[in-house]
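Heads up, the chain below is alone and in the form predicted on its own; it's given as structure tokens.
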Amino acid sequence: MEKFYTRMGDGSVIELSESELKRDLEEGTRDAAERAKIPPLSEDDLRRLLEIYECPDKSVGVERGKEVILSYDSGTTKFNRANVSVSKLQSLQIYERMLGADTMEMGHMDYSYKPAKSIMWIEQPTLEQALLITIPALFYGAMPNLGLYTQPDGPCPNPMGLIPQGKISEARAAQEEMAEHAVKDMVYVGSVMYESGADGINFDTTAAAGDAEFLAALRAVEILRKKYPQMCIEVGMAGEFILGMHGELTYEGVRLAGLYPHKQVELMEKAGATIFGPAINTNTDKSCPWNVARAATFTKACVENSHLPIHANVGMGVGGIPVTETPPVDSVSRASKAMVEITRLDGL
């Protein structure tokens, strides 16, 4: 019986038969459909996914003319994290001239709005220089990162310390206060960098701290949209559903806890976002075909339920990509091809 080379969600190599591939693809799409109450992938979609994973080539790609936009978050920090000594300007030039980025992003090494606000006077001239030597759209990005607003470094009590004590109302009040601080910082940084020439603002890894953080991002987007009607605002999510760390927060009458991508995008569209990036978590105990079928199911429903361009998060640990520091090209190319051809999204 012929075996096909693939990987597990942790990056380890495995071989699956055709029947095992079919089983994983069907189980992956079924898992997403049941969780989010959305349609599973069609028989045609599953057949195309099977063809992608049975292809013997090491890497695969979409047909010429069917390419999508490639955008990068936290672009100027990733080289430093890999101990590559290049400046922010040099890293942006690498993304543009070597990696073929369609959009680029500048950000502070801490990559959160709270620490970024104190160094805007440094970021502004760097952004100006970057705009003079690069061509693609240049965003400024960071994470809402509600956790930075807790004591001892922040002004608010830590909800994760209050909840085990049974102080639920106090924990909820703390999260609401944290969200207010985050909104002010996001609006300040977004305003400063947009007025300095940035082509757009990115709220990255949104809702990592749950529904209070998602609400903070919604409010910040809403304020920036009213302030700058032409601003491009990209919102990339942290995970596939909103954690109910507060549990009672709503926006436009919709409870935020438990929302999946096809419902998240509805609220971001109402708030005024212009690009939305769903993030589907990779399960390391399942195969890449299982994870990609699952990610494509969530993303396809998001695309079909949105008027916004969808730029799915497809990178280490999300979008069907293995949880490895340097994801292997065989897995990345198959996940990317599948997301483009099956979901009809606008970018990766």
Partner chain sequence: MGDPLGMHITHSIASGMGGMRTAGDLVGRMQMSRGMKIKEAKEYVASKLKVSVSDLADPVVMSEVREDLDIGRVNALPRIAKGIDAKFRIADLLDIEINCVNMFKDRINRKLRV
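Residue numbers count along the first chain shown, from 1. From a predicted model like this one, the values you see are computed outputs, not experimental measurements.
The discussion below concerns the form predicted together with the partner chain, not included here.
Highlighted residues V187, E248 and A301: none comes within 4.5 Å of the partner chain in the predicted complex, counting any heavy atom.
Comment: 305-313 is the region of 282-290, 305-313, 25-33, 44-52 lying near the partner chain in the predicted complex, near meaning a non-hydrogen atom within 4.5 Å. Of the listed positions (A271, L224, A198, L215), a single one reaches within 4.5 angstroms of the partner chain by any non-hydrogen atom in the predicted complex, namely A198.
Only one of I133, V86, I122, V254 comes within 4.5 Å of the partner chain in the predicted complex through a heavy atom, and that residue is I133.
Residue contact with the partner chain in the predicted complex: K37 places no heavy atom within 4.5 Å of it. Among residues of the shown chain, V340 is one whose heavy atoms approach the partner chain to within 4.5 Å in the predicted complex.
Among heavy atoms of D10, none comes within 4.5 Å of the partner chain in the predicted complex. The partner chain in the predicted complex is not approached by F276, whose heavy atoms all lie more than 4.5 angstroms from it. Residues of 228-256 that come within 4.5 Å of the partner chain in the predicted complex, judged by any heavy atom, reduce to C232 alone.
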